[in-house]
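The form predicted alone is given below as one chain in structure tokens.
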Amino acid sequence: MGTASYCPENIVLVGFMGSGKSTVGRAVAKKSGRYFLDADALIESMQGRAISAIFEDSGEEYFRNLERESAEWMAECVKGTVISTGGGMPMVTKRIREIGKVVYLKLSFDEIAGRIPPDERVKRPLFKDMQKAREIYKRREKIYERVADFTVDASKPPEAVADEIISLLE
């Protein structure tokens, strides 16, 4: 880890669910000497329940408010960290670029769908209906591209994607 006097800029990974944000994020953190923060895990920890339970019990709007609040906190308080955002976070905050350098992990919808086994889709509220998930993907793709400082092909192995991100930011 870096010293307190040196605090590298955050790296913010955006992309659709299943694009590899958490896996790549951990690799980037390890290779770059930063901390790793999974925004969805942060929300689950704050709420004491899984995201699927938040959606089920309190609704999507409530969850999006939690995402917005956590983005605000990250923009103000988090430094020297690789942040894996939830797939919808760039839709709910205008401050995403204030958190750090934004890297879009780009992957086609079909590649994403192939990565997420059916038993895992059950845990992802927006992935239960494949047609609806594809429509959400199409809407979000434009936003990911717009907010990103860099776009990386996420179809490569996670270590290769991590190396590319680090070289882009050096």
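Quick note: we count residues from 1 along the sequence shown, nothing fancier. Just so you know, these numbers come straight off a predicted model, no measurement behind them.
Below: the form predicted together with a small molecule, not depicted.
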Legend entry - Any non-hydrogen atom of Gly87 within 4.5 angstroms of the small molecule in the predicted bound form: yes
Legend entry - the small molecule contact in the predicted bound form: Phe109, any heavy atom under 4.5 Å: no
Legend entry - is_contact(Ile51, the small molecule) in the predicted bound form, heavy atom dist at most 4.5 Å: yes
Inset, instruction - Indicate whether the small molecule has at least one heavy atom within 4.5 Å of a heavy atom of Val147 in the predicted bound form. - result: no
Legend entry - Of Ile143, Met46, Ala113, Leu126, the one that lies within 4.5 Å of the small molecule in the predicted bound form (heavy atoms): Leu126
Inset, instruction - Using heavy atoms only and a 4.5 Å cut-off, determine which of Arg64, Arg26, Arg134, Lys101 is in contact with the small molecule in the predicted bound form. - result: Arg64
